[in-house]
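This document starts with one chain, in the form predicted on its own, laid out as structure tokens.
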């Protein structure tokens, strides 16, 4: 952990400290990625997260904005939350690895509403593969907007 107070770590869903070093690596990579117009590290509303705002050119005009929020823990647990705001509602999808009383450690909360009782699944063991998997699924969703 890099300079965060203990109250932040104790509030995590994982029980492990936030891995701010890993989030920094992702931030550095995503700030040069043309998919994102804004990458915000530890915003006030979610000080444990990295928030990445997608460029609007990937979406039809009915999608007002889209973002990926990432939190990673030092024990390898994570929560990746993809969110879209539409003219008439929202779309949410989450990939999670953390202890849960509603699912196995690896699970997803599928779109469009990311229900609390999600689907048990397995995620790759390497964090880079997890991130690649989520980005690929988001890209597939973005392409579907244009393929009619």
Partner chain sequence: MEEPHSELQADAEERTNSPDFDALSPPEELVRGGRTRDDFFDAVLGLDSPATVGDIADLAGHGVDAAREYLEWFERMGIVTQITESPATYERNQSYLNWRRVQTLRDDYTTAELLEFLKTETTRAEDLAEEFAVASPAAVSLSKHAAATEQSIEDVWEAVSAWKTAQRRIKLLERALASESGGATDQRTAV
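Positions refer to the first chain, counted from 1. Model, not experiment: these values are computed from the prediction.
Keep in mind that the form predicted in complex with its partner chain is missing from the display, and what follows is about it.
Contact annotation for residue 124: none of its heavy atoms lies within 4.5 Å of its partner chain in the predicted complex. In the predicted complex, residue 37 stays away from its partner chain, with no heavy atom inside 4.5 Å. Contact annotation: residue 94 falls within 4.5 Å of its partner chain in the predicted complex, judged by heavy atom distances. When contacts are judged by a 4.5 Å heavy atom cut-off, residue 67 does not count as touching its partner chain in the predicted complex. Interface residues of 47-67, taken as those with a heavy atom within 4.5 Å of its partner chain in the predicted complex (partner not displayed): 47, 48, 57, 58, 60, 61, 62, in sequence order. Compared with the form shown here, the Cα atoms of residue 47 and residue 23 move at least 3 Å closer together in the predicted complex. Compared with the form shown, the residue 47-residue 22 C-alpha separation decreases in the predicted complex, the change being 3 Å or greater.
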